[in-house]
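One chain comes next, on its own, written out as structure tokens in the form predicted on its own.
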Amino acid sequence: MLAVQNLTKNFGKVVAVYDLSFEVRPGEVFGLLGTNGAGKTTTMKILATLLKPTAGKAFVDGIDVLKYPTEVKRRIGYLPETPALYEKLTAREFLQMLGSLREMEPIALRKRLGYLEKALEMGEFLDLEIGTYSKGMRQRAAFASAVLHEPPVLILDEPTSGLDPRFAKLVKGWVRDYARGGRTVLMSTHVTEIAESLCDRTAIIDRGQIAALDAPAALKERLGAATLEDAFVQLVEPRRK
């Protein structure tokens, strides 16, 4: 459903991603785990057609992101780390606008908004201007925009950022259920607990390269680590010397 082949991205002399390869299967939550600056966001922006790679290829639902970006955009929902929202619109107006742009049928859009209002516990906030929102509520509105059209591929960059513990847990359960429906979820995080509790497989990325890729439990077993955090440190620290 999603594949990256020998992906490289340079910004001048800075190598953000180097020779990265992985694939994400239908029904899977796949995590990119790494520190800030590891290359996670760059990889996701390439898959979301927002950046062009220096070398290598990327595919979404078998479609080349470079050759057919419009077709790729139809198949993905993308939550950036810092979402761009329309401050003067209410969340309802914002989501209705997005639904129209995605050519959703009015009845289907209304039903979807009703579902998301309850699922994301937006309540009366749905009809308040986004500019009045807290960081956590803004994140809920951005998450709703990513899943509004029920895309087969969901790309989430730090999806629990700014959320309180209770709602972060709710979102994690929602993401898990979304993938169980046969959809593909790629998410990034720098929080090992989230990767360990939510992801079927995790690629530990450091300095634009994959240091290890496997199920969290398998990574821990391979390295004799009690937690994924310990495994992460074991893999990354030697690369810094």
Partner chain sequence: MPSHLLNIVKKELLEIFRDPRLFIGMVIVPILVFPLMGFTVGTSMEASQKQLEQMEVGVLSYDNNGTLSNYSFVLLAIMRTQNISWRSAPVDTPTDGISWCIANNLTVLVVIPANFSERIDTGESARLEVFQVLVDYGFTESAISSRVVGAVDTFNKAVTASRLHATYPGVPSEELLVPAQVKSQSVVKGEIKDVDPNTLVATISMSSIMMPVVIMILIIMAAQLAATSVAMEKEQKTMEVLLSLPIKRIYILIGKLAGVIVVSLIATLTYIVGFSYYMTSITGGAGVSLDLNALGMSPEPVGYAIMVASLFLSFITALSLAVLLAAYTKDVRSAQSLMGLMYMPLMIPTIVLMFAPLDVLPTSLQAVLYAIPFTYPILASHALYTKEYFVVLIGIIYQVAFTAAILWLATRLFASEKVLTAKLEFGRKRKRIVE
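What you see is a predicted model; the values in this text were computed from it and never measured. Residue numbers count along the first chain shown, from 1.
Not on display, but discussed next: the form predicted together with the partner chain.
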query	finding
The partner chain in the model of the complex: contacting segment from 209-217, 193-201, 169-177, 33-41, heavy atom within 4.5 Å	33-41
Contact at 115, 119 and 141 by the partner chain in the model of the complex, all three, heavy atom at most 4.5 Å	no
4.5 Å heavy atom contact, residue 134 to the partner chain in the model of the complex	no
Exercise: residue 88 in contact with the partner chain in the model of the complex, heavy atom 4.5 Å	yes
Residue 105 within 4.5 Å of the partner chain in the model of the complex, heavy atoms	no
Contact label in the model of the complex: residue 80 to the partner chain, heavy atom within 4.5 Å	yes
Sequence-ordered list of residues in 91-113 near the partner chain in the model of the complex, where near means a heavy atom within 4.5 Å	93, 94, 97, 98, 100, 101, 102, 103
